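So this first bit is one chain, no partners, the form predicted on its own, shown in structure tokens.
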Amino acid sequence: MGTVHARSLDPLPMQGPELGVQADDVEALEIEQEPKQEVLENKNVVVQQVTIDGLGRTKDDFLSYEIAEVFRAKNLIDVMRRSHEARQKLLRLGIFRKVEVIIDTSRGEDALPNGLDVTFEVTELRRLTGSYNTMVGNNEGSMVLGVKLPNMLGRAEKLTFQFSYGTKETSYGVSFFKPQPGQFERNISVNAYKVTGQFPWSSLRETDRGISTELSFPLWKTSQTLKWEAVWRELGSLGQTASFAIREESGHSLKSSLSHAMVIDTRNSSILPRKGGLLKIHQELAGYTGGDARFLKEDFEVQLNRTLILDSVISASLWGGLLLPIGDKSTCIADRFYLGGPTSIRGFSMYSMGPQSDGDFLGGEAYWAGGLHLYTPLPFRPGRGGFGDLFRTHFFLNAGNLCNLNYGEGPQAHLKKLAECIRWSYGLGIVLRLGNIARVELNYCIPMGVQSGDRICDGFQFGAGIRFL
């Protein structure tokens, strides 16, 4: 009988649920047809058996959810499509190094004339894996060393040990991750960590030791995350020149908080999108589950992107946040918002605008920031179709404000204060996209609306990170 093979290329390396398999991974069908064998491509077929070969410690019942749709295929093309989708789901679990698909006509006593058997040949990851990489974020870089125990109990559980050493922050921690069978987006994770950071704009040093539990799940078109976190925070000044306000903040505090995050992301890329939008809303309530920090914190992020003529893209974004203390105690400097720098209001130094004391910036309890950007190809399109496509010309206009509010006043007084003393800047530069990892910018900035005490970066400014205004 004729045999139909459908083999895919080696899967992409897995680093988590965000990495998937692209359509280019599927090779063309190779059809070997013997004389008098009927071609099944456009005929109704029945998938009689689906087998997964190569399993070791993975439980069969856990994978049955990922391959169930293959049995519903009605013709050969449908079998190919559903098999490829099942392969994507298997790779997304992060427990296989390699997955191949073989489609064959059914054989044996119970074989139907139009029956097909689908076999997934898998290669499991080793019980212990290590990684070494670099990470870029918020205009700082870090080296990350990690050890993972994937598929610990046979149902895609993962235990991770990670150490990170950066220019401003050093951390280490352990986390345990477990997805719901058949619903990988629904998962729970438990984390324990220690983070030590230095914040020169505030002459502040902070050490956090904490534990947290997160529950993530999809709801309609959104991604939802519920989190409980308990953190023992130790604050101290970086040197003898720290202001008295910073010295007053020094000491120990305990924060126990419940938070919720909702995300709707339709962008084609999180680094340098060409189309789509983003809506992110985050709430945090501290003090009702213990600890001495008591506050309600709300912040949001909106971004819209649209492709224009001549391969140019226009992008608009808006950030905002409000920190409301509960009780008579003032908010902690570690919980406040900060603004300014190459990843937010360009033309200002990193987190160096708003309330300050003797040159140390204290953060604010309310802020907003908006940006309008135009990205175009490089003039004359050098390196078109290759390395040159990673670069874009960048024109921008940013504005925002950071302040403290008197909560005894009404909403109109709050809006009036946020509208006063607006800092803004404009300029142009070049953007380089580093794959789907990060992006770097080199801009010539002209800051405007500078207030007393603000630190500016008039001229060229370099920025690197993932999240930009």
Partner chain sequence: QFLLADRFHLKSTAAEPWPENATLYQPLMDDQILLSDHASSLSVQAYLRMCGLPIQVVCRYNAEYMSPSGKIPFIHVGNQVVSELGPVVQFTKAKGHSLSDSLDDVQRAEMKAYMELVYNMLLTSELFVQWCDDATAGEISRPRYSSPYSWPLGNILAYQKQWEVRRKMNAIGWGGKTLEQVQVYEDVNQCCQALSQRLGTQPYFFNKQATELDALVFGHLFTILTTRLTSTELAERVKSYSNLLSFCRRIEQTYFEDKKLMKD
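Bear in mind the structure is a predicted one, so any value in this text is a computation, not a measurement. Positions refer to the first chain, counted from 1.
Just so it is clear, the following notes concern the form predicted in complex with the partner chain, a form of the same protein that is not shown.
Across the options 386-394, 165-173, 308-316, 285-293, residues that bring heavy atoms within 4.5 Å of the partner chain in the predicted bound form belong to 285-293.
Only one of E301, E214, E365, E249 comes within 4.5 Å of the partner chain in the predicted bound form through a heavy atom, and that residue is E249. Taking a 4.5 Å heavy atom cutoff to the partner chain in the predicted bound form, the contact residue among V263, L153, V190, L254 is L254. Taking non-hydrogen atoms only, F71 never approaches the partner chain to within 4.5 angstroms in the predicted bound form. When contacts are judged by a 4.5 Å heavy atom cut-off, W232 counts as touching the partner chain in the predicted bound form. For the chain shown alone, F244 is a contact residue for the partner chain in the predicted bound form, at least one non-hydrogen atom being within 4.5 angstroms.
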